[in-house]
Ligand code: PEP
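The form predicted alone is given below as one chain in structure tokens.
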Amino acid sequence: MDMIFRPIFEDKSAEEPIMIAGPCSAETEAQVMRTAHELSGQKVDLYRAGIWKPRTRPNSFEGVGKEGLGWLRRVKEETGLRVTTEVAKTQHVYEALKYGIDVLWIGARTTVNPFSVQEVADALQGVDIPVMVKNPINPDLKLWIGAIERLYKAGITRIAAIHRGFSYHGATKYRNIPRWQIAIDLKRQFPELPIICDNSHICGRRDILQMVAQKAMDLNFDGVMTEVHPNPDEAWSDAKQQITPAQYKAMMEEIVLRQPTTDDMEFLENLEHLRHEIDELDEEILNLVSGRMKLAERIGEYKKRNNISILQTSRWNEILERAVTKGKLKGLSEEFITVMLKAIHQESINHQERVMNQQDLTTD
């Protein structure tokens, strides 16, 4: 589907990043107002606060509900900040619109369910309001795009994507693995679609928030969404990933904003030369991988003759462990080596499968 997006904010330059800040959850009116007043005057374009909180397990704090919308309306009146909150069903949409919420967002648990996204889209039919769509919990780009398309078909043209990372089973320094390439692929397909980095949900911890926000800016993302609370350690939800307004200000002052390009001819010529070298190396890599697949096919032929299964777990473990060790010596991360080799290994399996399962053709 061809989609033409309008700016989220008509009165803001497209070159300026969109900065979103506020508490994970609206807990009390005092907490909401204190956070808003301490953020007003800072680099904040949109004040965020969760009113309805979809929690993994019951009996957790699930938000204050409709009462909190009145607090957000007061934030607008007293500070002039635009406000946003999460919606997951028709009633949420109606209540948020009634209280004059400026921007809505769809959370990761909603994006993963097309029925829920369609319900929100139907409720917004004919309403001109910006909507931000968080990526689904699982790394599924098509599902993310599908949610955006459903809103667009409902007449919503002021849309932004929020990159909040993806669930991962295993040890990692992140709460949700960034998988930056998925967001980059989304940007490649829809260059005009703003993408905002939710560094709080990617990190799950305070100490690496600035690092992730900076990486997003270096990747030419269109903004950052950060959870801010006056007393983070006492927050009713996601305490470990929230920071104080003062810490938020310090983080914003440290972030370096870079230009997407330049007219400097010397820079462009040097860049073009280096890119040409990369293109040549990419050609070599493809040739090497193609050669590896031909060897995999020959192995498949031997296995077929001897009735041996394709997957040899001990051999695969040996390849992976050796590659990770060697890769680290060459300055390559374990994550990259693992992802790359798993993709190559899967392609090798596919080639062996085709060889082992093709029928022998004979002629009389």
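A quick note: this is a predicted structure, and the numbers were derived from the prediction, not measured. Residues carry their position along the shown sequence, with the first being 1.
The same protein also exists as the form predicted together with phosphoenolpyruvate; that form is not shown, yet it is the one meant from here on.
Contact check for W105: a heavy atom falls within 4.5 Å of phosphoenolpyruvate in the predicted complex.
At the 4.5 Å threshold, heavy atoms of K303 stay clear of phosphoenolpyruvate in the predicted complex, well away from it. None of the heavy atoms of K66 is located within 4.5 Å of phosphoenolpyruvate in the predicted complex.
The closest heavy atom approach of G41 to phosphoenolpyruvate in the predicted complex falls outside 4.5 Å.
Shown without its partner, this chain lists K215, R74, K249, R109 as candidates; in the predicted complex, only R109 has a non-hydrogen atom within 4.5 angstroms of phosphoenolpyruvate. This chain is displayed without phosphoenolpyruvate, yet in the predicted complex the stretch 45-53 from 58-66, 45-53, 29-37, 313-321 comes within 4.5 Å of it by heavy atoms.
In the predicted complex, R164 is the single residue of 152-172 with at least one heavy atom within 4.5 Å of phosphoenolpyruvate.
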